[in-house]
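For reference, the chain that follows is the form predicted alone, supplied as structure tokens.
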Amino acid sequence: MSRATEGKRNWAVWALLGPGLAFIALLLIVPVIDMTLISFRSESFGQILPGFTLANYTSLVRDGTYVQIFLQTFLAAALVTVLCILLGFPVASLIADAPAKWRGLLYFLVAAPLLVNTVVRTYGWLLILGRKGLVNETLAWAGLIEQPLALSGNYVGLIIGGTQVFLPFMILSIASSLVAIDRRLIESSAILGAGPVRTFINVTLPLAMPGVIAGSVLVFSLMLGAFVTPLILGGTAVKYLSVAIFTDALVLFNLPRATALAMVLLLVALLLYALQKRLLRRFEYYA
């Protein structure tokens, strides 16, 4: 192919891609740039003032309230991620070991909760974990408790609800890696005398790590940005980043500070995906 022909082909490709790329830029890049500019401005009685200031970002470090918000948010996301790994790996193993004709059904059962709106699922947990909920009523009926347990409106309810909401993402990510493992490697490990535990640690787990990493980053980032679950199950007892952004933007009308919080959240998400890419490279040699 001559250079002239190749040049015409490249121009044709860019001509076809141009409208789509421009549309994506309009929807994604321009708003992010606008948000970045707003985060460096000040406000007065809900009005965004001109000028440049770092006060919105410095207040996030100096104000103990925001430090507490970040700590509670990251801790909740980390706990939910760990619980999703612990609960999701056995289910993913069950899917991988199931006959191929049943996997479609198992995948559907795992993904079925995602078809229900998060608000509905979260309110369902509120009915289960509330002071008059199913858990407390059952324990009281059995004579195991005299006073209702505080299972909602606090950190406990937030972690339980968040784990259930995002568990399918972890199961599907791990299952995709486990299904791709060559069964002959497991059989070879057993033939060479390795027990189930050693086979899992030295063979299965390293080969499943890409799915674990991808699922962990996905669950962690989704939990960081979760809003409905922290608002309903966490209540006022839990200070959460997404709720703080909502409060600053739509209650206090401090849009620059809310935007600064959102930009920090976006930066953390980008760093997580960069970390995911770097970690996945370490496990490429297992493939």
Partner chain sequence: MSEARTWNSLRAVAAAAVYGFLIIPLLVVVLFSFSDKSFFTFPPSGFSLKWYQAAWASERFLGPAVRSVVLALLSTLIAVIISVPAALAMRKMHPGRLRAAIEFLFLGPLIVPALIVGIALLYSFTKVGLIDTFPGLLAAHALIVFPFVFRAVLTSVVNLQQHLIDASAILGAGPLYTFRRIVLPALVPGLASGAIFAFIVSLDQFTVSLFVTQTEQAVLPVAIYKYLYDVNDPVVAAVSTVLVVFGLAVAVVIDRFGWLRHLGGTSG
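What we label the rigid core is the largest C-alpha set whose atoms superpose within 1.5 Å from one form to the other. Numbering follows the first chain given and starts at 1. All figures in this text were calculated on a predicted structure; none of them were measured in a lab.
There is also a form predicted in complex with its partner chain; it is not shown, and the following applies to it.
Here is the short version: of 49, 250, 237, 55, the single residue with a heavy atom within 4.5 Å of its partner chain in the predicted bound form is 250. Across the proposed site, 169, 172 and 227 without exception bring a heavy atom within 4.5 Å of its partner chain in the predicted bound form. Taking the partner from the other structure, its partner chain in the predicted bound form has a heavy atom within 4.5 Å of a heavy atom of residue 107. A residue is said to contact a partner when one of its heavy atoms sits within 4.5 Å of a partner heavy atom; residue 17 meets this definition for its partner chain in the predicted bound form. Interface membership of residue 144, defined by any non-hydrogen atom within 4.5 Å of its partner chain in the predicted bound form, is ruled out.
Residue contact check for residue 132: one or more of its heavy atoms lie within 4.5 Å of its partner chain in the predicted bound form.
In sequence order, 232, 242, 245, 246, 249, 250 are the residues of 232-253 having a heavy atom within 4.5 Å of its partner chain in the predicted bound form; the partner itself is omitted from this view. In the core-superposed comparison between the shown form and the other one, residue 251 has its Cα shifted by less than 2 Å.
When the rigid core is held fixed, the Cα atom of residue 105 travels 2 angstroms or more between the shown form and the other one.
Relative to the superposed core, residue 266 undergoes a C-alpha shift smaller than 2 Å between the shown form and the other one.
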